[in-house]
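Listed next as structure tokens is one chain, alone, in the form predicted alone.
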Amino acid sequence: MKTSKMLRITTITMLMLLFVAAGSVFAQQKQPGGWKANMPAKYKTMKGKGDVAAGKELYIKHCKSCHGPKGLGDGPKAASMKTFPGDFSGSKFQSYSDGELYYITVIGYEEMPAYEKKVTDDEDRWALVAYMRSLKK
């Protein structure tokens, strides 16, 4: 009985240390946002309509591995990145214009790859923006 209790305590302790270590990795990452300074003015006012359901399918295929299933920046590749992928549900992200989200998704910046050649249809690009908008808190 003592062995079982010790095993549980050890397991819980190890899990807690793992979560703390993972949290410190994300805390050390550079915060996103430098891309705004380099953005051409035309993107700041762009607007488009997108199909959220189509955007979700594209998100799962292209974005989930870094940004996570709910857009919290916790995908399996996120911890190995120098820059935190961003939290799509937060007010800072949601304050960006649709055109700004389109720009960073299509053109990319630093570790965020360009999806210009992977998502070539403009409707699909706007669908991704619509889906990212749907992830707000």
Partner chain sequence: MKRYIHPRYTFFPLLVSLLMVLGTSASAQETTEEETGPDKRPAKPAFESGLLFDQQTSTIPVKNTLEFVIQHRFATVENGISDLWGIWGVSNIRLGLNFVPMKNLMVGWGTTKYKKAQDFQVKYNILQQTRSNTIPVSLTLYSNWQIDCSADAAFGDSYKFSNRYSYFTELIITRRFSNALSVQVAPTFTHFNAVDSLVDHDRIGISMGARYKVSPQISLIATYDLPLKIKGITEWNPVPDPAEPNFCVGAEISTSTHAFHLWLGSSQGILPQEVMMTNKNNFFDGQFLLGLNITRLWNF
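Numbering follows the first chain given and starts at 1. Computed from a prediction, not measured in an experiment: that's the story for all the values here.
Below, we turn to the form predicted in complex with the partner chain, even though it does not appear here.
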message = Check L72 for me: does it contact the partner chain in the predicted complex (non-hydrogen atoms, 4.5 angstroms)?
response = no
query = For K61, is any heavy atom within 4.5 Å of the partner chain in the predicted complex, or not?
reply = yes
is_contact(Y115, the partner chain) in the predicted complex, heavy atom dist at most 4.5 Å = yes
inquiry  = My question is simply whether E57 lines the interface with the partner chain in the predicted complex - judged by any non-hydrogen atom within 4.5 Å.
reply    = yes
note = Restricting to 113-129, the residues within 4.5 Å of the partner chain in the predicted complex through any heavy atom are Y115, K117, K118, T120, D121, E123, D124
